[in-house]
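Coming up is one lone chain in structure tokens, specifically the form predicted on its own.
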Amino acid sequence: MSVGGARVLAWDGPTRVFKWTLVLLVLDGWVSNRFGASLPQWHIWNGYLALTLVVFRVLWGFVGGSTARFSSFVAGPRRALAYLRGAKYLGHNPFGGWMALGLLALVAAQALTGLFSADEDRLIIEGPLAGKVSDATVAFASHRHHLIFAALEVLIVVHIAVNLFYAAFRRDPLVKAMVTGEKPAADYADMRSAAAGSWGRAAVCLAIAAALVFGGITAAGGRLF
């Protein structure tokens, strides 16, 4: 139960910035694909940045704030059953944790297939590694690129609906907490208050992620521009 009007840290700054930046990039990915035919590099760079953020989040999942670490929210059946019996979580609950992993995996798959994708005649857009693989592989990647985004749209709708349900019926301000970083103090099953990850460590993770993504594409023979 809530402890008076006290509030505790639920999500640190780097985790919140990652979350909302990824939201904007997914939205921008749709916009740049829908309206950016005359500016193909717009969509391509959107993919680079999304993939960089995914790699950052994987690294942050091991060295970030306590609620951002995979060890705090990747749950097995026992924790899931405890949650169904009414346990409250400061960070991701067991089902929310798997939802977060699913969204992250789909964004990763979307960005990776984009590296090898191209339009049918390769006149408008072509991924940086499309020229390094066979036409059949390009066609396969392009088809999967569209299918994955459709799956991502479905999962996003479910994610939004669940967050609205929790806010309205379970009095769990999930969206607000991801904006402010705080939740009401309560007897949470995972931890009473989050330990924040440092901005310096986040900057190092981001630099490593960018080096891996851009360095990997270049090493594979891809042209970034």
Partner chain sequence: MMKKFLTISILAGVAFAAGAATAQNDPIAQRKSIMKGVGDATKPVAGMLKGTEPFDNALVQKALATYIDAAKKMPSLFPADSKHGGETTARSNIWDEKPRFDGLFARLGQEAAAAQGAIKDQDSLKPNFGKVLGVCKECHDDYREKKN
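Residue numbers count along the first chain shown, from 1. Values in this document were obtained by computation on a predicted structure and should not be read as measured data.
There is another form of this protein, the form predicted in complex with the partner chain, and it is not shown here; the text below is about that form.
Q) Might Ala37 be said to contact the partner chain in the predicted complex, defining contact as any heavy atom within 4.5 Å? A) Because a heavy atom of Ala37 falls inside 4.5 Å of the partner chain in the predicted complex, the answer is yes.
Q) Can Leu84 be called a contact residue for the partner chain in the predicted complex at 4.5 Å between heavy atoms? A) Heavy-atom contact with the partner chain at 4.5 Å: absent for Leu84.
Q: Would you check, heavy atoms only and a 4.5 Å threshold, whether Ala139 touches the partner chain in the predicted complex?
A: Answer yes; at least one heavy atom of Ala139 falls within 4.5 Å of the partner chain in the predicted complex.
Q) At the 4.5 Å heavy atom threshold, is Glu153 in contact with the partner chain in the predicted complex? A) Outside the cut-off, so no.
Q: Indicate whether the candidate residues Glu120, Leu123 and Glu126 are all in contact with the partner chain in the predicted complex, with contact defined as any heavy atom within 4.5 Å.
A: Checking in the predicted complex: Glu120, Leu123 and Glu126 are all within 4.5 Å of the partner chain.
(Q) By the heavy atom within 4.5 Å rule, which residue out of Ser66, Thr180, Asn33, Ser198 makes contact with the partner chain in the predicted complex? (A) Of the candidates Ser66, Thr180, Asn33, Ser198, Asn33 is the one lying within 4.5 Å of the partner chain in the predicted complex.
(Q) Taking 4.5 angstroms as the heavy atom distance cut-off, pick the stretch from 92-100, 72-80, 139-147, 108-116 that is near the partner chain in the predicted complex. (A) The contacting stretch is 139-147.
Q. Heavy atom within 4.5 Å of the partner chain in the predicted complex: which residues of 180-219 qualify?
A. If the 4.5 Å heavy-atom criterion is applied to the partner chain in the predicted complex, 180-219 yields nothing.
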